[in-house]
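The chain below stands alone and is given as structure tokens, in the form predicted alone.
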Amino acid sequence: MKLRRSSRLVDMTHYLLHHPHQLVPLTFFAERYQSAKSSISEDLAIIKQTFEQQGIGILRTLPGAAGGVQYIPKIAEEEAKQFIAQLCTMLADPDRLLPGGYLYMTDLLGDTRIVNQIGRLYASVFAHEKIDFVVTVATKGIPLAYAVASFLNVPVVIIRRDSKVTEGSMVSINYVSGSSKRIQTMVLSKRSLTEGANVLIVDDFMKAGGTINGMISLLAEFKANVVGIGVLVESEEAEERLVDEYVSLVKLTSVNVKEKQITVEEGNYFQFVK
């Protein structure tokens, strides 16, 4: 279809936003709009400038016959700071207190606007890693994993606590929970991951890190390479941290159940922003 430049810009922007991290040949757009490659290159230069000015992301152009253009989602640091500050305010509500020092977060994880923005934050900080799968454990981390994966344009793999007949042959491990010190079980279908895959682990809450440590052990059975770990909320009160390298958005610094007080602060996210 032959389109004017204004229409091309709208359609190209829409296409790129819905195909993050995908290398799109210039010939694809040239044929799509029945336009010369030189015109397409000019259009992409306009989109690239706007994306970078508005903190939407970057357009990477690769030359050569096998080259093309690739949209990498990013988020401006100021926008990220404002959003994480809003998360801290919401999580500091004393009505969120649960037994054991946990926080009620189901409403946040069910808000698609919030979850989508969390996904964008993690896709931004891990934008330059080679990631094949986003991995989480059932159930609270699932919305976050799908949000992150949508911006990275990769599949989601869900580790479960018990086997399902619909999953086929499973790999199972026992691990020690970091907070309760109880032995628990994790399982993952043998068909879920390819051997040697690069994975990003995402979870909603981390105390000592026993669950994530268990996930790492299970993924080792698939010879997977864990390139990063992202947690929405980390607890500072853990006696012994079993996981050292991770990116958190919010840090739960103290909980006073008797006084019904929750103290939260910004996590370590901005230490990893490039």
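One rule holds for the numbers: they count along the sequence shown, beginning at 1. None of the values given here were measured: they were computed from a predicted structure.
The form predicted together with a further copy of the same chain exists for this protein as well; it is not shown, and the discussion that follows is about that form.
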Based on heavy atom distances of at most 4.5 Å to a further copy of the same chain in the predicted bound form, which listed stretch, 195-203, 80-88, 139-147, 123-131, is the contact stretch?
139-147
The single option of 177, 116, 185, 163 touching a further copy of the same chain in the predicted bound form, heavy atom within 4.5 Å:
116
None of 241, 32, 60, 37 but one has a heavy atom within 4.5 Å of a further copy of the same chain in the predicted bound form; the exception is 32
Three residues, 17, 46 and 95; all within 4.5 Å of a further copy of the same chain in the predicted bound form via heavy atoms?
yes
Classify residue 191 as contacting or not contacting a further copy of the same chain in the predicted bound form by the rule of any non-hydrogen atom within 4.5 angstroms, answering yes or no.
yes
Can you check whether residue 273 is within 4.5 Å of a further copy of the same chain in the predicted bound form, heavy atom basis?
no
Would you classify residue 153 as touching a further copy of the same chain in the predicted bound form, given a 4.5 Å non-hydrogen atom cut-off?
yes
Quick check on residue 265: any heavy atom within 4.5 Å of a further copy of the same chain in the predicted bound form?
no
What residues in 50-79 sit within 4.5 Å of a further copy of the same chain in the predicted bound form, counting heavy atoms only?
50, 51, 53, 54, 56
